[in-house]
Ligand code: GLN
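What follows is a single chain, given as structure tokens, in the form predicted alone.
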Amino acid sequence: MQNQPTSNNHEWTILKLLNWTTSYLKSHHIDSPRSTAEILLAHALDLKRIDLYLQYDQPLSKNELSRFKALIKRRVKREPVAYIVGVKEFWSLELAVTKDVLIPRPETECLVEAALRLLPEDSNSCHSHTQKSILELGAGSGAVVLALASERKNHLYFASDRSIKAVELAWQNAGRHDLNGTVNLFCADWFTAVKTGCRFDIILSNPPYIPTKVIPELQPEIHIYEPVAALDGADDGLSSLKHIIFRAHEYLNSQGSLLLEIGHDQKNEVKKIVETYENYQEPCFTKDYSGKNRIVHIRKKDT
């Protein structure tokens, strides 16, 4: 680190260090340099971000400066902040994240919103006409299924991931928010562990949908650090989407819903895939906060 802070306890106060780090990160073309500096310094000092400004004139010790310097070095190498601090907020839930799972993204909250529109708000009754069964495929950190369970606790939730480390992390996150008894987690590759005859009202997934050749062109934070298996949708980016659409109708109740996050430019291809199956109604697409097609809702026909 050029012109790095010295260990002089009285020279480097919190505010001085924040200002210096913001400039340093900006010079290395790091996105959101001020908020990044705040998050990393708060983590190094075990403080909340607001406390940085309440204690702005507090000098840092040599050990504190050393800890912070190590975090900054990692970020300049383009390691995502979420992996450095080990947590990421999603749907107002603080979730533990590791390099075994994708970092939850704001656009994926659109998948949660789409599912919530299909779930009755008043679910205090356990009668079959109000209680719904939900299956998430490829749960990763558990962000989506835990967001749903936190909003509509009295439904039946199941979630799988082919990575045992991801399942363990999702279980840990469920415990963080007292949802262990609400969400049933298991290790499986798509539908392999779902018994024939099982039926769900909603199946949802944020599957890999990025074409293989595009992955190296993504930001270093993504293609270097995030798990490739959770990104790679094969040559055309549609492999996992095709597989889920092909099988989902076998596990959906009549009029059940399949909700999928898709790439912003995949609407036409996904529509063509759905139309090849007579089991589904016409798909509906929902745009994300940037105005890009992000969620497809595929309803099973009456059976």
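Residue positions are given as counts along the sequence shown, with the first one as 1. Model, not experiment: these values are computed from the prediction.
Below: the form predicted together with the named molecule, not depicted.
- None of the heavy atoms of residue 114 is located within 4.5 Å of the named molecule in the model of the complex.
- Mapping the unseen interface onto this chain, residue 107 counts among the residues with a heavy atom inside 4.5 Å of the named molecule in the model of the complex.
- When the named molecule is considered in the model of the complex, residue 38 lies well away from it, no heavy atom lying within 4.5 Å.
- Taking the partner from the other structure, the named molecule in the model of the complex has a heavy atom within 4.5 Å of a heavy atom of residue 102.
- Listed residues 93, 194, 167, 222 were compared with the named molecule in the model of the complex; 222 is the one with a heavy atom within 4.5 Å.
- Put simply, of 71, 81, 231, 118 only one has a heavy atom within 4.5 Å of the named molecule in the model of the complex, and it is 231.
- In summary, the region of this chain contacting the named molecule in the model of the complex, judged by heavy atoms within 4.5 Å and restricted to 151-159, 93-101, 205-213, 170-178, corresponds to 205-213.
- Residue 261 is the only member of 253-282 with a non-hydrogen atom no more than 4.5 angstroms from the named molecule in the model of the complex.
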